[in-house]
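Next up: just one chain, as structure tokens, the form predicted alone.
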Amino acid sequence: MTDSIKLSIYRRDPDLDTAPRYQTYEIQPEPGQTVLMALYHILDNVDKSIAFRASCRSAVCGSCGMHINGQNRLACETQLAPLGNEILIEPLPHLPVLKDLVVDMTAFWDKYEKVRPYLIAMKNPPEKERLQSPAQRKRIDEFIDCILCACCHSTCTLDAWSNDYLGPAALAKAYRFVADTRDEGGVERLKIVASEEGVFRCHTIFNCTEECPKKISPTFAIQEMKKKVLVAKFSGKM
């Protein structure tokens, strides 16, 4: 790949700019170069004012979620080569922009906290550990892999206009604990997701599943919890 690449990057400092703008940078790509590597190249060699988030560079921390060529992706694992010679890089949609590609994640974390994303123990702990079979663990493997990058959250059309809807990331994490055989707060957590702005608000559009860089399906988790809520209600547990 020898042709130069143009990266059009969303730029805005809310304290200084009345409207966003797009600034184009032209670089000579290298084999195996990712979008994140290109951004660091621009930061180090061209424009030190550009702002973006990144940490692990290994698709583990979720910090570098961005809207790249019309799709939410992790910049650290998105190769330049398949994207063509013109690349559009924008912040995650539907989240307030702090500066350039950096968004305010406060609403995302607030919704995440509401589902109590940790194991709840009602009984005294066992002497050694809470045992779980490989088969039981396998049921939640997919959802443990969530890195909280907010790609699903920001692509959800309901999240875009409803401040109260819990959203796919929080609901998928809730399912991770509802389906965990070691957790003892199932009914309590189901009451949270059964609220008006919980699982039944989902319109099953699948945007969240399509955009997840870890190939997780929040849509599946939401549908499974709908079943569990109905079973709990009809059995008198809720």
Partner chain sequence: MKHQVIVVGGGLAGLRAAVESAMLGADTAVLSLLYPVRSHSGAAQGGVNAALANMPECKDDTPAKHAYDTVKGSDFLADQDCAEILTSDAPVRIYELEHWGVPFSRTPEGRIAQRPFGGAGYPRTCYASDKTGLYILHTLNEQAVKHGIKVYNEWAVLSLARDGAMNHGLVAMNLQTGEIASFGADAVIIATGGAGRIFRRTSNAMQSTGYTLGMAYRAGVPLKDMEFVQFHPTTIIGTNILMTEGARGEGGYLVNNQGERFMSKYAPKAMELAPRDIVSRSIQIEINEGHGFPDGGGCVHLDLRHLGREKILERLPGIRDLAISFLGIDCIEKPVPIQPGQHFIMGGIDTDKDGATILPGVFAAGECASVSVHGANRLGGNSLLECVVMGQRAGAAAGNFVKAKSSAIQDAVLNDAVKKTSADVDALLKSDGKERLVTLRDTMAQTMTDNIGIFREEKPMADALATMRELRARFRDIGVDAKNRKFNLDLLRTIELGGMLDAAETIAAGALARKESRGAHSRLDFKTRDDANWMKHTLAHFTPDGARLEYESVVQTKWQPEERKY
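None of the values given here were measured: they were computed from a predicted structure. Positions refer to the first chain, counted from 1.
The protein also exists as the form predicted together with its partner chain; that form is not presented, and the subsequent description refers to it.
A single residue from the set V187, A179, I205, C56 has any heavy atom within 4.5 angstroms of its partner chain in the predicted bound form; that residue is C56. Screening L148, L158, L80, L95 for any heavy atom within 4.5 Å of its partner chain in the predicted bound form leaves a single hit, L148. Taking the partner from elsewhere, G62 is found to have a heavy atom lying within 4.5 Å of its partner chain in the predicted bound form.
Shown alone here, Y40 lies within 4.5 Å of its partner chain in the predicted bound form, counting heavy atoms only. Remark: Q132 counts among the residues lining its partner chain in the predicted bound form, judged by a heavy atom distance of 4.5 Å or less. In the predicted bound form, its partner chain sits within 4.5 Å of a heavy atom belonging to E113.
Contacts with its partner chain in the predicted bound form, taken as any heavy atom within 4.5 Å, map within 9-43 to D13, P14, D15, L16, T34, Y40, L43.
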